[in-house]
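Shown here is one chain on its own, the form predicted alone, set out as structure tokens.
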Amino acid sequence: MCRIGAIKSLDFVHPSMALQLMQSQQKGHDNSGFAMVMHDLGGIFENYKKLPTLSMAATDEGVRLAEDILHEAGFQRVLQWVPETNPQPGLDINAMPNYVFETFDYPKHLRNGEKKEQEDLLLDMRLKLREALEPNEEGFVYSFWPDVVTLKEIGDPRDIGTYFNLWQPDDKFTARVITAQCRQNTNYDIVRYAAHPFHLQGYTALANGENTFYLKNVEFQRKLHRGYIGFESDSQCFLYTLHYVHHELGWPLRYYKHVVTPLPFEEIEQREDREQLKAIRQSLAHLEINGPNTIIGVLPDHSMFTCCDAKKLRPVVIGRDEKTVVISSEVCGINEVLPERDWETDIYPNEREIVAIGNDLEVQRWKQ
């Protein structure tokens, strides 16, 4: 079983908090990997929020290929951060030769361009980089987006934290939103792309569970958008549906729940929005999910949410204090990072709601 967690704070926080959140749940996962996506960046990236940052793990040749492709497209690097690693003997980590976190300025013709043009270019460049590096396994391109950094690695989460010097907080590498998962993919081949969280155009999603409608989702999603690729994990479908419903269709977030876990027809008939809900069931039936799962998502505006499967077969809890909200697979994770909170205010979402956290940390519960 996976373990997932998310942190949203008014202050910038260091990834050590995410590691602590996940370590307390270590009996629930197999110590085969750790991955995280950071939104709303602080530290060295804070002054470059409007420019895209490339997150990649690669060989020397992979780095060369990627930088040549970006340079040819007109991107100019304005910031490079290379994490100081600590390769101690005996660490359980399948490390890559290089970890690339580079911020670029847009090509000149798009620096004052329309937002959609910039978004389309960033997606196309990430897909092009992945296609170039994939054949000979020269690298893994996780995200190329403003105000987002992604790290994925295979091995023991504790050792991964040690290798990247993430156990000791500092003010160089921080964010206001961090999502994290422990455990590499075990349904299919173990590859870095399969590790949650997954990111696409400012959207991030991760899940604790499995999707038994995976093949139905995949067959439908492949035709919807050029960015829906890979499918190394059944949980990638959760991200692609989120992106499609919210970004492509422009629907409010609350309708995401109606797409992935639609209400029974007899309940739909009793609602004022019955026509809309029936249309969703008819047109997007292949995006329905099934099986035990809890989903955590982040939107491009950095707001965060969680929801469960239609029977709530996987646990999730939300805890908070004055400055921080934490979502976790297990309450012990929140106990570790927010021990002084008022535990009586913890929220255990039910199977018929989305719990959303805004940038002011206001918590909203939307009943399906």
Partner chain sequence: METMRVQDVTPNDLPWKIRYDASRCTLCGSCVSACSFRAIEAKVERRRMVFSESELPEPKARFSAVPVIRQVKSVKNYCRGCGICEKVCPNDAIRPERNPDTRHPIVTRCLGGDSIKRGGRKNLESTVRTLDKIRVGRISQMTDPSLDAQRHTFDLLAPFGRILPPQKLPLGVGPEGLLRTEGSTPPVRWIYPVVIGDMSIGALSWRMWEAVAMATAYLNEECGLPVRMCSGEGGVPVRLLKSRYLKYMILQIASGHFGWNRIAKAMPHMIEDPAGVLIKIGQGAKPGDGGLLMAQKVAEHIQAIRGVPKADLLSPPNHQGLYSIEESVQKMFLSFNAAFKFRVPVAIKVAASSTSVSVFNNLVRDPYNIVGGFFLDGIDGGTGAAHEVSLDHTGHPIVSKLRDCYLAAVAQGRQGQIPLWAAGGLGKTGDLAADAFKMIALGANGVFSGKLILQMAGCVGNDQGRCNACNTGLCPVGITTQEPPLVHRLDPERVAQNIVNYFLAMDTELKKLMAPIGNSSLPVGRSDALVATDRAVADKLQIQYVC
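Residue numbers count along the first chain shown, from 1. Computed from a predicted model, the values in this text were never measured in an experiment.
Omitted from view is the form predicted together with the partner chain, to which the following refers.
Find the only residue in V78, V82, A73, L249 having a heavy atom within 4.5 Å of the partner chain in the predicted complex. None of the others qualify; the residue that does is L249.
Which residue, Q88, S283, N94, N165, has a heavy atom that falls within 4.5 Å of the partner chain in the predicted complex? It is S283 that has a heavy atom within 4.5 Å of the partner.
Residue-level contact is defined here as any heavy atom of the residue lying within 4.5 Å of the partner chain in the predicted complex; does P264 satisfy this criterion? Yes, P264 is a contact residue.
Using 4.5 Å between non-hydrogen atoms, is N290 touching the partner chain in the predicted complex? Result yes; N290 sits at the interface with the partner chain in the predicted complex.
How about R192 - does it come within 4.5 Å of the partner chain in the predicted complex, if we only consider non-hydrogen atoms? Answer no; every heavy atom of R192 is more than 4.5 Å from the partner chain in the predicted complex.
So in the predicted complex, does Y255 come within 4.5 Å of the partner chain, heavy atom to heavy atom? Yes, Y255 is a contact residue.
Does every residue of E114, L121 and H225 put a non-hydrogen atom within 4.5 angstroms of the partner chain in the predicted complex? No residue of the spot touches the partner chain in the predicted complex.
Counting only non-hydrogen atoms, choose the one of 294-302, 173-181, 270-278, 94-102 that falls within 4.5 Å of the partner chain in the predicted complex. Of the options, only 270-278 has residues within 4.5 Å of the partner.
Going through 192-225, which residues have a heavy atom within 4.5 Å of the partner chain in the predicted complex? Please give them in sequence order. Heavy-atom contacts to the partner chain in the predicted complex: E210, T212, F213, L215, K216, E219, F220, K223.
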